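Quick heads-up: it's one chain on its own, the form predicted on its own, in structure tokens.
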């Protein structure tokens, strides 16, 4: 057993920002960060486009950024939270720069500002086309200079410890559910350990692996959302899964797809169908720079109409030197598969990208479970509403990591460590005999979610998805109860829970709004509400 005042689950921008601030504020306290893989293997690392932040007050304003965010969110944003994130964002970006992050600059020293879908102005600061990688690098270097921070790698959190583990009945109606720490699987020793904490922060990232094709890495299995739901915490708006319109299409692609950042369209890239038509003019007056939900549905419609598996992104009119300077990673990837952007168009198709819902929090990142905070993609703060505005995610992660830190600093001394927490009980379990039971169930889950709960949905598809998920859940719970734990089994269990929450939220929402498009309810309901599960 370990004890720590501050426990952080996840080592992306949200988790590391919070942990670094705590380490600097409390030099005499040990800050413990858990990550289930390598420290830099996070969704943050794969963010290409940049950070949306008001930096040019002559041509841009907070009001414009707020309005763009509200329009993209399609009526479900929390306006107070939007204002908080937009107005506090510049300070958080400056902190990151002080920690060593490098963003691209013009020759006169001003930051280069890109433009992406849904933005009315150029406000995206970036580091070439690997912005997330650069931010993660800067944070990890800053963390390495802290003597009171420890990152435990290859530690998989199984469950949040609450009163339930002390023998009490805990339900959704239980007042003041408390988090005492976590049970974790040390994948290097294959032993389950318990870690007690006064304050726990979940920064576990997204859940793109619930789908057959995603821009997310293999670790994005919705762990934080699933464990909070099991602990009877509140989950919100899970039906709003953002599909990035332009993942690089490769024949037979599945798993993690290579992202073609929206900034390419911001610089003038044009989407074309198999006939060469710039089809976005038929779908939205903003054309290729419409919000992602509109562009993804337009591409889906064109693919179905023409019977193709992808559309084309035309960058042939770009100056090659300019393209390779801004998008070197994309240029090299395309070249590696025989695509010269000066002569060839890039085949692209939508892929699961970002979860706009998640663990419901207040404006300080507090979840419905006491002493448990959430920030980053696993949370639902109210910023994104029904559709995330491009490049707002990294900004939100930094702002809410700071707000979690600010609130937790004021509460730590009022919290005591829990006692009588039992050890993990693995009695009666056996070594799994067939790994195919897990791998095949994962394939089934991803197939069901992709075919029935994708960009376009209807009631029959959702009902079929729920019936199949129910069976997968029963089979997986039997495995969980009877066999010893493995990361593959735990991730499958979490993904099935996330899939259930996405489907359940979609079934409750009797309308089409933002990222949720149901052909049985093409209009919007007059009752604008969040779906809380």
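Residue numbers count along the first chain shown, from 1. What you see is a predicted model, and the numbers here were worked out from it, not measured in a lab.
Unshown form predicted in complex with flavin-adenine dinucleotide (FAD); subsequent notes refer to it.
Taking non-hydrogen atoms only, residue 505 never approaches flavin-adenine dinucleotide (FAD) to within 4.5 angstroms in the predicted bound form. Within 4.5 Å of any heavy atom of flavin-adenine dinucleotide (FAD) in the predicted bound form lies no heavy atom of residue 19. Contact check for residue 358: every heavy atom lies farther than 4.5 Å from flavin-adenine dinucleotide (FAD) in the predicted bound form. Under a 4.5 angstroms non-hydrogen atom cutoff, flavin-adenine dinucleotide (FAD) in the predicted bound form lacks residue 288 among its neighbouring residues. 219 is the sole member of 219, 142, 334, 299 with a non-hydrogen atom lying within 4.5 angstroms of flavin-adenine dinucleotide (FAD) in the predicted bound form. Checking 475, 56, 41, 67 against flavin-adenine dinucleotide (FAD) in the predicted bound form, a heavy atom within 4.5 Å turns up for just one residue: 41.
Contact with flavin-adenine dinucleotide (FAD) in the predicted bound form, defined as a heavy atom within 4.5 Å, is made by none of 160, 181 and 404. Residues within 4.5 angstroms of flavin-adenine dinucleotide (FAD) in the predicted bound form, judged by any non-hydrogen atom, belong to 47 to 55 and to none of the other stretches in 47 to 55, 496 to 504, 22 to 30, 475 to 483.
Along 136 to 167, a non-hydrogen atom within 4.5 Å of flavin-adenine dinucleotide (FAD) in the predicted bound form is carried by 155, 156, 157, in order along the sequence.
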